[in-house]
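Only one chain is included here, represented as structure tokens and corresponding to the form predicted alone.
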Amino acid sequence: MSSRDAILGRVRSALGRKVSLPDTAAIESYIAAHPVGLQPPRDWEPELRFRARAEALASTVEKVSSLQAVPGAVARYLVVNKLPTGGVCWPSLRKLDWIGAGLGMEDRPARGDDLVGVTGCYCAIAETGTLMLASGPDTPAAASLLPETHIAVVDTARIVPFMEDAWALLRAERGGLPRAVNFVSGPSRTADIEQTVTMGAHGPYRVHIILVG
């Protein structure tokens, strides 16, 4: 008997209740099977659906043909929107030619005074226009959470139809879960105050997505 079972057993005894313990083996077996629930019809192409949903959530989207074109796309976005041309990027993106694009990107976790963060993503979910980010040494979560502007690089080959597919991909490729998994669906927003939507309340004001493929 586990400590948890012993504690709950004492609580039941004190309450004078006779409650049978659940079949934990059956529960664990069900969870391990990862059954997929009912899903809506998939009558759309994943990349087009992802882009449409992301834009509906107030993200902006651009597509480039290769990873090498990403620094130029980032520079265009920042210059057009009169944003700082320096910031932080994931260490996994350090080899891109940021200097050649006129950008000062540091490959380190973000601090509170960093205004621009450039990240990749583990995968993207077409149904909802959502980015899935898995934390790790080369993919620090702070780069997508602290800066006012979050720019995400998305490989179109890693756009999956549904959230269940994203979790299945993570289990298949990594086995276990990382320390944190974050989902980003457009800029941060809240309507807590007088039901008025306010952007950037607890995260980035802007999310710009660069599709690569």
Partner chain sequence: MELRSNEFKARAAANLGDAKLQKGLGLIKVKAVVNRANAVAEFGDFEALREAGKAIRNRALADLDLYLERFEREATARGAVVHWAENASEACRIVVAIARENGVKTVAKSKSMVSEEVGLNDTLIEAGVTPIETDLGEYILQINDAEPPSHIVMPVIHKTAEDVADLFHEKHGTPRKTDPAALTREAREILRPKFLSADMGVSGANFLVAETGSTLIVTNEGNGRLCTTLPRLHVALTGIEKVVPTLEDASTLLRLLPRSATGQAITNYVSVHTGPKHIDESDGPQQFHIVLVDNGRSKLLAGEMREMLRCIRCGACMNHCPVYQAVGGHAYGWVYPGPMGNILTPSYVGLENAVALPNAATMCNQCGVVCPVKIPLPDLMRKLREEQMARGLKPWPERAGLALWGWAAQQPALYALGTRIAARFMKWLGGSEKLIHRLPLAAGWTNGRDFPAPEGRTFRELYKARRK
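Positions refer to the first chain, counted from 1. Quantities reported herein were computed from a predicted structural model and do not represent experimental measurements.
Below, we refer to the form predicted in complex with its partner chain, which is not included among the displayed structures.
Engineer: Taking any heavy atom pair closer than or equal to 4.5 Å as contact, tell me whether residue 177 reaches its partner chain in the predicted complex.
Structural biologist: Heavy-atom contact with its partner chain at 4.5 Å: present for residue 177.
Engineer: Do residue 31 and its partner chain come within 4.5 Å of each other in the predicted complex, heavy atoms counted?
Structural biologist: Yes, contact at 4.5 Å.
Engineer: Does residue 140 make contact with its partner chain in the predicted complex, using a 4.5 Å heavy atom cut-off?
Structural biologist: It does: once its partner chain is placed as it appears in the predicted complex, residue 140 has a heavy atom within 4.5 Å of it.
Engineer: In the predicted complex, does residue 67 have a heavy atom within 4.5 Å of its partner chain?
Structural biologist: No - in the predicted complex, heavy atoms of residue 67 and its partner chain never come within 4.5 Å of each other.
Engineer: Heavy atoms, 4.5 Å, its partner chain in the predicted complex: which of 132-140, 81-89, 68-76, 96-104 makes the cut? Say which one.
Structural biologist: Within 4.5 Å of the partner lies stretch 132-140.
Engineer: Select from 155-188 the residues with a non-hydrogen atom within 4.5 Å of its partner chain in the predicted complex and write them out in sequence order.
Structural biologist: Heavy-atom contacts to its partner chain in the predicted complex: 162, 163, 164, 167, 171, 177, 178, 179, 180, 181, 182, 183, 184, 185, 186, 187, 188.
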